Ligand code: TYD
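Given next, in structure tokens, is a single chain: the form predicted alone.
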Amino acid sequence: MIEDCKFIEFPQKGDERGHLVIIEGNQDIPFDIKRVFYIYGSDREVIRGRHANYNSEFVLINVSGTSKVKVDDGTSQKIFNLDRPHVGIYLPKLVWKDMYDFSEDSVLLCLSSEHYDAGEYIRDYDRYLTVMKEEKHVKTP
């Protein structure tokens, strides 16, 4: 599952007036966008996220400043540095995510495949590990 977490580079258009980045659901990212939110005003010591989702997929893009995202599938971890406004990371469902090390000017844009539903969040890491063990057991013949 951790191998499914990957960078996505979005096309840039621009001229002397500046840059334009276009992101379309089911074209530039692998899902229809149902929710958009962003995080700003966090500092380097703050850790956001700390959860996994049963159903939601995400694309995270630092449209301003920088941040890091640590992803975890219960067996492996990977850290992504978000530092370019035309590059995001795709996170499939059931990936634990921690966003941290925010620069002062960081604005982290989050595109989601699902509308908000508090019931689909796994916020306890031990519970997440249990869910992942159950998921792997189901997939094993």
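Only a predicted model underlies this, so the values are computations on that prediction, with no experimental measurement involved. Throughout, we count residues from 1 along the sequence that is shown.
Missing here is the form predicted in complex with ligand TYD; even so, the following discussion is about that form.
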The one option of Pro85, Gly74, Gly49, Pro92 with any heavy atom within 4.5 Å of ligand TYD in the model of the complex is Gly49
Notebook entry, point to check: Even though ligand TYD is not shown here, does Tyr40 get within 4.5 Å of it in the model of the complex, heavy atoms only?
Noted result: no
Item to complete: Give a yes/no on whether Ile61 approaches ligand TYD to within 4.5 Å in the model of the complex, heavy atoms considered.
Response: no
I'd like to check something about Leu111: if you look in the model of the complex, is any of its heavy atoms closer than or equal to 4.5 Å to a heavy atom of ligand TYD?
no
(message) Can you tell me whether Tyr116 touches ligand TYD? I mean in the model of the complex, with a 4.5 angstroms heavy atom cut-off.
(response) yes
Contacts from 102-136 to ligand TYD in the model of the complex (any heavy atom within 4.5 Å), listed N to C, are Tyr116, Tyr121, Arg123
